[in-house]
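Quick heads-up: it's one chain on its own, the form predicted alone, in structure tokens.
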Amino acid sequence: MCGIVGLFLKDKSLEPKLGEMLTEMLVTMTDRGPDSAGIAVYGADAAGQGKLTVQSDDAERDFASLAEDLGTAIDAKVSLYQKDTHAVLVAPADKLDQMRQALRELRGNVRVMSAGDTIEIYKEVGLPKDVAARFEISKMGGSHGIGHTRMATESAVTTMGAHPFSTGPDQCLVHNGSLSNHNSLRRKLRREGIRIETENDTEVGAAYLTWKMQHGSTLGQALESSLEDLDGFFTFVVGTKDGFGVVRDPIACKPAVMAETDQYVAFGTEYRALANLPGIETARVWEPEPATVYFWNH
């Protein structure tokens, strides 16, 4: 019953409005999932710099002096900007893994939402309008983004159980549906060294795609493989640093609609999520076919 939205911009003049458009799209999906919500935004690439987006239930305590403490630990300059319960830590890109390890040692209760060059993920328990307002998503710009509002079925209603899930650099996934073989696949992926933080079935889907891409698959190829290796029913919308992909399982029982113009590609669980996009009246609008991968990249 969850709600998904996605927007991939072809027209750079729309990039300052990405957060505003995504927020409006997601709020229309509120009744499909009032438990929690989240948005991934792909912003500008800062040459040589990477970032971790992190979350804390006690942000005032945990974020105080965190940049300085991490900078000392990794022997590099670290900057921090905070948004409510989340913060973005910026450091040299080649220091991100080291910074992540230092974060575990210095602030063990701070959770990593995403890591990479351009991605930032903000998610919390609550309605989409409230989550988006807390993190001022409407003020954010970027090239593409994905949002999700959740009705929990497979795991508890928590920040970590909210979507999007990110299990690799600049990668994220949102999901409507349920995977039936996630327990066995989770064990396999953990043996392969893939980091999985929760018992949520969607995170296993994200981790599966990360694993396939680590072994040389493109996102499109990884999505193709998912049709063979993942059991259950699912609609996935996936983001990478420069790409945006959609796939539905062979039964395709979960609703989905897409629209494309010269300015953008958009995804919504229902058409009402797309209804206020610019130029939607002349867009090519269609329902994604079952077992078919759709992919765009910059």
Partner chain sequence: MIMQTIDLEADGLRALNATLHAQKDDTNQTSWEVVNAKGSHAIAVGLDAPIEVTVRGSTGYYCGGMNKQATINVQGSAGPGVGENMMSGTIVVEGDASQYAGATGHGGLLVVKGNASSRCGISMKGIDIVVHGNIGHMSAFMAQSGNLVVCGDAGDALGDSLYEARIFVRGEVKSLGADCIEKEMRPEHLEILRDLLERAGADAKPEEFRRYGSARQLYNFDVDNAGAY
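It should be emphasised that the depicted structure is a prediction, and the values quoted were computed from it without experimental measurement. Numbering follows the first chain given and starts at 1.
Keep in mind the form predicted in complex with its partner chain is missing from the figure; the text below concerns it.
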Using a 4.5 Å heavy atom cut-off, state whether P255 contacts its partner chain in the model of the complex. yes
Do E287 and its partner chain come within 4.5 Å of each other in the model of the complex, heavy atoms counted? yes
I'd like to know whether R272 contacts its partner chain in the model of the complex, with contact meaning heavy atoms within 4.5 angstroms. yes
Is N276 close enough to its partner chain in the model of the complex to count, meaning some heavy atom within 4.5 Å? yes
Heavy atoms within 4.5 Å of its partner chain in the model of the complex: which stretch in 57-65, 246-254, 260-268, 43-51 meets that? 246-254
Of the residues spanning 25-41, the ones with some heavy atom within 4.5 Å of its partner chain in the model of the complex are R32
